[in-house]
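Okay, here we've got a single chain as structure tokens, the form predicted on its own, with questions on binding and movement later.
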């Protein structure tokens, strides 16, 4: 079975490489046609203060610092962060203007090709963990301003570890075929039938903020499916549905509640955690109110996904009874017996769509390893949750997760103990028995 899978994977990769070679040979200038950009051949001096200031905002909107700064590092943009994907960790590069380990020897053309088209300075293909398939929509002006800003940051000499994915994902040449299948080489297109606010929100969501990189489901090759913004697995986490679905999406949220979440890191029910906490802390809290409202306008206009709510398990089932007991002993002090939590500190568990997807990765990870909500200027204290991996067995974590997902009007599929065991191994956490 394993040999058959590997052989099939090799055949698929070989076909993609061949298709990519044909595509590249037939359209060698494809990198330069998007958005009709005008490129310079030499790096300009970072002397245009206005462009640098605008570029800083573009970098914030693109959340560049989150991926290109290692956890705990004080050297912004120096790389080393391992981006978690279902195919393995991918190390983000050093994008400071250091000439040996960063992009100090790059031209503006080199920078455009990497950001918009996923091509390194030497022509190597980048993995789409660098969301160039979204950044291709970034305007010429924003790209130039971003380049000017990146030339102004402190150069840091730091050699990033090599990315080593398993076969067949370690074959970078296959990215030519991936681009043929999934990369649309065209800039952002406004919708003339929509308002300026909607189009600004579309530009941010589809381009700079690259929300689809996490929130759109991926196929086996890592390409976006047609289920735009309907939620996706991020290995340890699940990025929730952002459509108008009122059960698992944000259909019940007002525009103001979306703005609160992106600016404060919390709203009437949800507290941003995990990768989204990083996005709020580093990016969305710093956007202008006008841009946040534009994002909310665009998201509220997205058609609802077709995911229907399941029937909850019987309240008197053994798993629900166990879950209720675990919740009462460990969770109710912060999240309350009615599941409504504490505003801006402990998330509401009642009517919280982020908890109700079929994929329960986020709630399992949160219970096992704990976490901290987004820290923002409007909510500097945030809230933190301790790890329960040391205290609860896999069965207990599954039970309390199932109880939370099916109480106070919630309805979601039950969580199984083997799902918890898998996440515990992925997170490299000891089991409950080993902790004593």
Ligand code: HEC
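As the structure is a computational prediction, the values presented were derived from the model and not from experiment. Positions refer to the first chain, counted from 1. For clarity, a rigid core is taken as the largest C-alpha set superposing within 1.5 Å between two forms.
The form predicted together with this ligand is left out here; the points below concern that form.
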How about residue 120: is it within 4.5 Å of this ligand in the predicted bound form, going by heavy atoms?
yes
Heavy atoms within 4.5 Å of this ligand in the predicted bound form: does residue 93 have any?
yes
So, residue 275 and this ligand: in the predicted bound form, are they within 4.5 Å at any heavy atom pair?
yes
Can any non-hydrogen atom of residue 135 be found within 4.5 angstroms of this ligand in the predicted bound form?
yes
Heavy atom within 4.5 Å of this ligand in the predicted bound form: which of 202, 264, 270, 174 fits that? Just give me the one.
270
Option touching this ligand, based on a heavy atom within 4.5 Å in the predicted bound form, out of 346, 320, 153, 156:
346
Proximity to this ligand in the predicted bound form (heavy atom, within 4.5 Å), stretch among 309-317, 247-255, 220-228, 180-188:
247-255
Applying a 4.5 angstroms cut-off on non-hydrogen atoms, the residues of 210-233 near this ligand in the predicted bound form are 210, 211, 214, 215
Answer yes if the CA of residue 181 moves 2 Å or more between this form and the one not shown after aligning the rigid core, and no otherwise.
no
Any CA movement of 2 Å or more for residue 170 between this form and the one not shown, core superposed?
yes
